Each structure stands twice: as C-alpha cells, then as structure tokens.
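Quick setup: one chain, the form predicted on its own, written in structure tokens, and binding and motion questions come after.
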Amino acid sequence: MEAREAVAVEFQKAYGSAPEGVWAAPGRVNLIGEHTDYNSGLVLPIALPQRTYAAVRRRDDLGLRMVSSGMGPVKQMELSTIAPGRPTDWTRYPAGVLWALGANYQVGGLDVAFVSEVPIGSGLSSSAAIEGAIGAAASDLFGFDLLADDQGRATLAGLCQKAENDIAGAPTGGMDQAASLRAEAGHALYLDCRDGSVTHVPFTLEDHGLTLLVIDTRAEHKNSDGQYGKRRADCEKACDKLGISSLREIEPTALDASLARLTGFGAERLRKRVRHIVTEIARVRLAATALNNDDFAELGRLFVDSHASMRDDYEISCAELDCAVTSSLESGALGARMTGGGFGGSAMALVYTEALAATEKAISTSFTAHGFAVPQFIHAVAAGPATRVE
C-alpha cells in the first residue's frame, strides 16, 4: 500500500473515522552548501519525491492527537502545553509548528496521522517533511492561505524553522524547510539565506544520461545531539572575533586576511570552520553556474572539493560517509560528497546512469568489507513542494 493511501488507513484506525484531507511535504537532498544557511550564505537543495503524508481533521477543542506509523500509540496533548523543551519525543516537530503558527494565527485542535517515505536519521530532512506537512494542513484547514504563493510559503517555512529551533532544540538554518515548501519540480532551489530570495535552477540529469545517487549509509544522523550546535557556536564565535554579523560578509579574496586575524586559544579550529563556510558559499555560486551551463564535470569537481572541506575543515564526516564517497569515485562517478548536517546520514554521487548498477554494487561491497551495514540507495529527482494531495 502506498503511503498516500496508508495514512488515511492509519487515521481511520486511530480515530474511528475519515480525515478531512491529506497533505504531503517532501524530504530534501542538498546538492551543495552545507552549514551555510545559518551563516546567511547560499544553498542549493532539491526536494525529493519521498514525502511525509499527514491525514488531518479539525477538533472542536484545543486538543492535539498525533500518531505516526511505527512510532507507537497515539500521543495526546493540549496546544497550551507546547513550549520550548515540551514535548520531548518525535511529536516535538509537528507540535512545534502549531506552536509557532499560534503566535500569529488562530490555531485550533487537530487529530493527525503521519506516514513517511523519508528515512528517519538519513540526513534527508525527515523533520522538515513532517513540519511542512502539518504546516500545510493547518494553513488550509484554518484558512491561513500560506500555500497560495511563494511569499506565504516563505512565511510558513520560517515558522517551521522556528519550531525546529525553539521547540525541538535543533539549531538548524532554514534550508530544509525552504526546500520542502518552496522547491519546484525539475529544478534545484538556489536560496540566498541572507535575504530569503530564491532562483529555480534547471535540474534534469536524466536528459544528460546522469543520475544523482543518494546513499543512505544507515549511520544515524541527528541535528539535536549537540554536534550541530557546536559548529554553529564556532561560527558565531569567529564572527564575534572578526567584528562581523555573519561569515557571509567575508569575500573569498579576503579569506586569508580574515583567518590571520583569528588568534588565541581555539584559533585553529575557528580558522577551519571559517575556511569551510567561505569556500562552500563560493562553491554554491559555481555549482549553480555549472548547472545552468550543463557542465557536469565541473559540478562533480565541486562535489569532491565540498566533501574534502566538510571532512577536514568542518569535521562533520564519518567513516561510512567517507567510504561512500571514495567507493563512488573509484567506480567512475563524476563527483561525490556527503549531504546534510553530517555525523552520519547520507552521501550522494553524480553517476552515469549506464553505470548505476555497477556503482551501487561497488559501494555495497566496500561497506561490507569495512563491516558497515548495507547502505540503501535512492535515485533522486527534483520534485515539487508541500501540497494538499486529497
């Protein structure tokens, strides 16, 4: 049974009747631009066809009941009890969205069932998918009309980010929510996180005999486990020392001079963090140009440079991610890199479609030889944003 059908069945089983509607929001894979969003930088994600589905019905009170396939029994709470640090389980993501919406809109109670196709812990932003699905549903059911245009979707994306930051306690930037709510099918989302502007860059690898192979390493990734926050704190500390508001202000030509100004205890660590962010923002610009010019050899080269920067300067890779990248490149991929927040999750490779099966076999063989769990593969295409599906 497809997830779209399964979620209505899940709702019926949990609550004894049919939902008012079903909404869905996608996970994402970031082509390039890692950890640049909270530095007011540039990112270039695509939305995935894999989605989280939410079957939803309004209530006559301010209660909230939620259930998700495979996540145990129905969770119940009052909207008034949602606050930073509460709830503490998986429901903090959707509950947080209703909390964030409630600061500006009249939000009522809901019964909700979720079914997700986005692998949890894969670094493909299952959290933004669940946030986007519940946000889209609440907007439609309560008449907020936030899906009508990009401005409304940008507003909703910002509120979903606030939910993840303040309620879930994950200090992420806004890339994931923007990709889930503002993407366009067949395009990558070139997002400027300083002003929120977007440009849709054509992304149709299949027309060029290429496939974006996403490799879920099965090494679980979490944005709220502290490591993500430490990287963000490093960037903020570097900004304080340099007297700037964000690392976006450092032009590549001024990088060496800026690094030289970072001195004292911990300076080498901060230099590495700054070097990654400044060079990664530059790589996003180059990647968007490469896509517009159908220059996939250049795109692959940028992937490789990005992974090296994340591994060596930002220090967010792991053995499984490095194995996925190395084995992809040894199999003839044009480029490969880890994607997402790091410390596990997924890598991706730009692969000739005719070599796809051989590449997947080589990666799996390498994982087995290293004693890692067998990875899962997704052939990623650029899909559309959150929407009502029935």
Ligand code: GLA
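Heads up: residue numbers just count along the shown sequence, starting at 1. If you're wondering where the values come from, they're calculated on a predicted model, not measured in any experiment.
There is another form of this protein, the form predicted in complex with this ligand, and it is not shown here; the text below is about that form.
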Next item on the list: Verify the contact flag for residue 35: yes if a non-hydrogen atom of it lies within 4.5 Å of a non-hydrogen atom of this ligand in the predicted complex, no if not.
Entry: yes
Note to self: Taking this ligand as it sits in the predicted complex, is residue 175 in contact with it (heavy atom to heavy atom, 4.5 Å or less)?
What the structure shows: yes
Next item on the list: Determine whether any heavy atom of residue 228 comes within 4.5 Å of a heavy atom of this ligand in the predicted complex, and answer yes or no.
Entry: yes
Margin query: So, residue 335 and this ligand: in the predicted complex, are they within 4.5 Å at any heavy atom pair?
Written below: no
Notebook entry, point to check: Counting only non-hydrogen atoms, which stretch in 320-328, 46-54, 354-362, 25-33 is within 4.5 Å of this ligand in the predicted complex?
Noted result: 25-33
Next item on the list: Determine the residues of 332-369 with a heavy atom within 4.5 Å of this ligand in the predicted complex and present them in sequence order; the list may be empty.
Entry: 340, 341
